[in-house]
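Single chain ahead, written as structure tokens, the form predicted alone.
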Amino acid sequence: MNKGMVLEKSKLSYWLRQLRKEMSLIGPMRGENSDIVFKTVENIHEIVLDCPASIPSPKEFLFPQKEKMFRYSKDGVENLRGNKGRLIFGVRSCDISAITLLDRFYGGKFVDDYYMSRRNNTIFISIGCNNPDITCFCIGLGSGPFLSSGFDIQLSDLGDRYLVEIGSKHGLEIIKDFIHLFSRPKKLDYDDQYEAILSSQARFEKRINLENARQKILSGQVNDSFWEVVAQRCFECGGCVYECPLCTCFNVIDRPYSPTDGVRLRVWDTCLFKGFTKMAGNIWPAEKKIMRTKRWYFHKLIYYPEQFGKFGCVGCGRCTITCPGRIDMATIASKIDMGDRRRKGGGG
């Protein structure tokens, strides 16, 4: 689809206000500790668009950290799937790329009705990154800083206006009733977008090649002594997993209110925790920390590409910000690559 329009910045607030009458509006706002968090927008002028990535990712609106699945009682079961219409504004390209993969994970062979119920009622307006953060490396993964597909609507900041690209029927639906606010793009608009893309690409400080790391692992060049050092630096805090827009592990628990009434929930969990795969008979398939740590990187670098043809990482840099042990994806992938260069006499 990818139809182009132009929206003057002075008209953005009015458009969002009109859309808010029809659905919930969620956007990036500055939190108590100056972090950028996605939450319901009360005052549109408080939306913050000068930060590449929020903490946490907007994944939580499709796959909540704690989610009530159903309520049960002696009278039966009441399903609690979310189905309220929502518009999430100001999402970055890396997160749209992650959501595209989550859609395949939760909507594939085994459909997750809870995720898909929310997904089918959520529209995203993303904005390309003119100024990537120092921790970002989406450019090496094709998951940003601007996208050519996969979005509902993508905005490109051109100074006093946005180039608006429509990528889905849902995106078209929230524009068609307000077409008077938009104008047709001119050659200058596309030229300015091209310059913005080139400028953004030149600003990236990290150029991480995950494919190199993947090939080194597959060829057996990365032994357990390397992963042992990585595991020793892991605090098992789960921060990397909880901030990652592509981690999908969860646990299911029952909370009884009485012998006959209660609720079933699912909550985020992590393969880095010892008890995540505990089995009957007190069996621990991944009892040693090296096994759990190694598994997380293998999931991202090996298993995701095998299943989806994409890495389980979009280069958002959140794990770099979060990890106290400095064993984030970019750092470990670089160490694997540089270690191989040293063995070949390539310096470093």
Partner chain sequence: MNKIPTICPYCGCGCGLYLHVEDGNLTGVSPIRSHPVNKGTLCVKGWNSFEFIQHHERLKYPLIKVNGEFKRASWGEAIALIASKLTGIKRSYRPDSIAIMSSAKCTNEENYLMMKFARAVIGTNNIDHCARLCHSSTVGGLAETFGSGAMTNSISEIVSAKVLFVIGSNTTEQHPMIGMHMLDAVNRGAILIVADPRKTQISDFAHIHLRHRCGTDVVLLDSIMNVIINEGFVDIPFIRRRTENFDAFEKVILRYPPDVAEKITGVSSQDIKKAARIYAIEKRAMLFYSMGITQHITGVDNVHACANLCMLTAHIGQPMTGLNPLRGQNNVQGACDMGALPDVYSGYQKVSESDIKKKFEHLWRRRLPSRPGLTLTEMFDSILDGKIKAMYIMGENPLMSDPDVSHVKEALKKLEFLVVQDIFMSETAEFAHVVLPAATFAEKDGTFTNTERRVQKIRQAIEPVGESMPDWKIICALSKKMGYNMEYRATHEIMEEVALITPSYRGILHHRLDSNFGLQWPCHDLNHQGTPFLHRKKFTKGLGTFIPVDYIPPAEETDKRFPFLLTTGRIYFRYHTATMCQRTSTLEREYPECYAEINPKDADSLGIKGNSMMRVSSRRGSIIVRAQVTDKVPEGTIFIPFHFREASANLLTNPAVDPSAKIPEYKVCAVKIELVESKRDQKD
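For clarity, a rigid core is taken as the largest C-alpha set superposing within 1.5 Å between two forms. Residue numbers count along the first chain shown, from 1. These figures come from a predicted structure and were not determined experimentally.
The same protein also has a form predicted in complex with its partner chain, omitted here; what follows describes it.
Although the partner is absent here, residue 81 sits far enough away that none of its heavy atoms falls within 4.5 Å of its partner chain in the predicted bound form. Its partner chain is not drawn, but in the predicted bound form it has a heavy atom within 4.5 Å of residue 61. Although the partner is absent here, residue 38 lies within 4.5 Å of its partner chain in the predicted bound form, judged by heavy atoms. Taking the partner from elsewhere, residue 169 is found to have every heavy atom lying beyond 4.5 Å of its partner chain in the predicted bound form. Every residue in the set 243, 269 and 273 has a non-hydrogen atom no more than 4.5 Å from its partner chain in the predicted bound form. Proximity to its partner chain in the predicted bound form, taken as heavy atoms within 4.5 Å, picks out 84-92 from the listed stretches 84-92, 120-128, 176-184, 104-112. Among the residues 236, 157, 211, 192, the one placing a heavy atom within 4.5 Å of its partner chain in the predicted bound form is 236. Checking 52, 28, 315, 312 for any heavy atom within 4.5 Å of its partner chain in the predicted bound form turns up a single hit: 52. The Cα shift for residue 34 between this form and the one not shown, taken after rigid core superposition, is 2 angstroms or larger.
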